[in-house]
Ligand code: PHE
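The data below hold one chain only, encoded as structure tokens and taken in the form predicted on its own.
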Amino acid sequence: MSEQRESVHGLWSSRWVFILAATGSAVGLGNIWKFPYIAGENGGGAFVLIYLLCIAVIGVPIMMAEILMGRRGRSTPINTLRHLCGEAKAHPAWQIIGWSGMLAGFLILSFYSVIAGWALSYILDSISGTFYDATAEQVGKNFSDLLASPGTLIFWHTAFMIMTMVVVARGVKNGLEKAVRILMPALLILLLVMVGYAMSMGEFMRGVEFLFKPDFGRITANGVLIAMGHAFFTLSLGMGAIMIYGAYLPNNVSIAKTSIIIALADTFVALLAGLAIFPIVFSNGLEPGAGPGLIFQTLPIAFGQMPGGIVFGTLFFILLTFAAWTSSISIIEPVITWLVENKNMSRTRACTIAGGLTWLAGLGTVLSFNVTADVKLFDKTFFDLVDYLASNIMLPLGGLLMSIFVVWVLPKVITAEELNIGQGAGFKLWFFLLKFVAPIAVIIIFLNVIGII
């Protein structure tokens, strides 16, 4: 049954490079602010336990499915689905999984780049001492002025897109692999430095308690839904990024083991971020439940008041930029590989075209914060609409379709061959979770994010 193919784009040099790359894809802006915040507000350690359970029964099984599809097809998600449909003698309409994922990634990067541009802007602000001894009003005005200026937002959006495309244009070995070898260790070092600094604050143990002390009385049905949703979204599932990274994975690497390591590493980074942020928040009497505003409006006040705040504030926003950068290079990779494979383009030309179109789409998000802020469709700005469509509809449906395709359409012999764990208890557990538990959970997540439940 084996139809082993080779990737025309090259392979990762080792399992650990793949783990770095996939973890980099999973670790993004959401890990730095969202996970610590939702954990603290939904039972702390109790929420973390539920979240880890959700990772185990939803995230890891779907990630394994996405990686095995990518490695089997050794191609861009769309072409991979075409190959797999041929191998399984399935209807070619299943290629919609690849098209949907690629489009979702394109839409997500178009606004993700704009938000990442804010972090770039704040690096400069922090270095220049803008936040030094600044009041809440001054920091708030700085953020408002940033959003109100289309020219400034476009400048930083452009800078971030160029950073992303320079890496992707260099290919797997010279671009993606070299970038993650530098950026992921650097991100971890920066996080550990920030945690070390937070330990010197008077409220470090309060931050630890906020994140880890179980309070099962605060767990609600909505909290469980939040844990399920974050377990799915945090691993970059459903957009083809993990699938294309799987296409570069050597045959002798265990998909099961690497998926588990990636999930644990992603969670570890999110918890480290909480340990870095919340002692600073508590030490300065700030509000931990500020969400996105915690990064761009609340923390700068703290950095402006604390000893060494300019240095550590700068390091923090560099950390944010690195997290966004490692995610963005994976998000756009499926589009680049499709152009290379289907339009016979060089990677440089493909990056120029894909990057240019993504940049152009990002202008809609830029204008959503100023010029067209009052222009709404379905009561949503352009940014809100694109975010809702890609994140809340396309990604969950993509994950659901992948689960169905792998367990109901692909012959078992193919999945067993790629996973290479035999068809014993481990394989049967994964198959059961992917066949029944994960799809039901993703349907619940989908119905929750669109407001039905």
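Since this is a predicted model, take the numbers as computed values, not measurements. Residue numbers here begin at 1 and follow the sequence given. Definition used throughout: the rigid core is the maximal C-alpha set that superposes within 1.5 Å between two forms.
The following text describes the form predicted together with ligand PHE, which does not appear among the structures shown.
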query: Partner contact for G28 in the model of the complex: ligand PHE, 4.5 angstroms, heavy atom; finding: yes
query: Contact of S368 with ligand PHE in the model of the complex (heavy atom, 4.5 Å); finding: no
query: Partner contact for I108 in the model of the complex: ligand PHE, 4.5 angstroms, heavy atom; finding: yes
query: Ligand PHE contact in the model of the complex: Y112, any heavy atom under 4.5 Å; finding: yes
query: Partner-proximal stretch of 341-349, 76-84, 301-309, 322-330 relative to ligand PHE in the model of the complex, 4.5 angstroms, heavy atom; finding: 322-330
query: Option touching ligand PHE, based on a heavy atom within 4.5 Å in the model of the complex, out of S126, T234, S100, T258; finding: T234
query: A227, M239, A116, V168 - the one with a heavy atom within 4.5 Å of ligand PHE in the model of the complex; finding: M239
query: Cα displacement of M184 between the shown form and the other one reaching 2 Å, rigid core superposed; finding: yes
query: C-alpha of A231 moved at least 2 Å between the shown form and the other one on rigid core; finding: yes
query: Yes/no, A270 Cα shift of 2 Å or more between the shown form and the other one with rigid core fixed; finding: yes
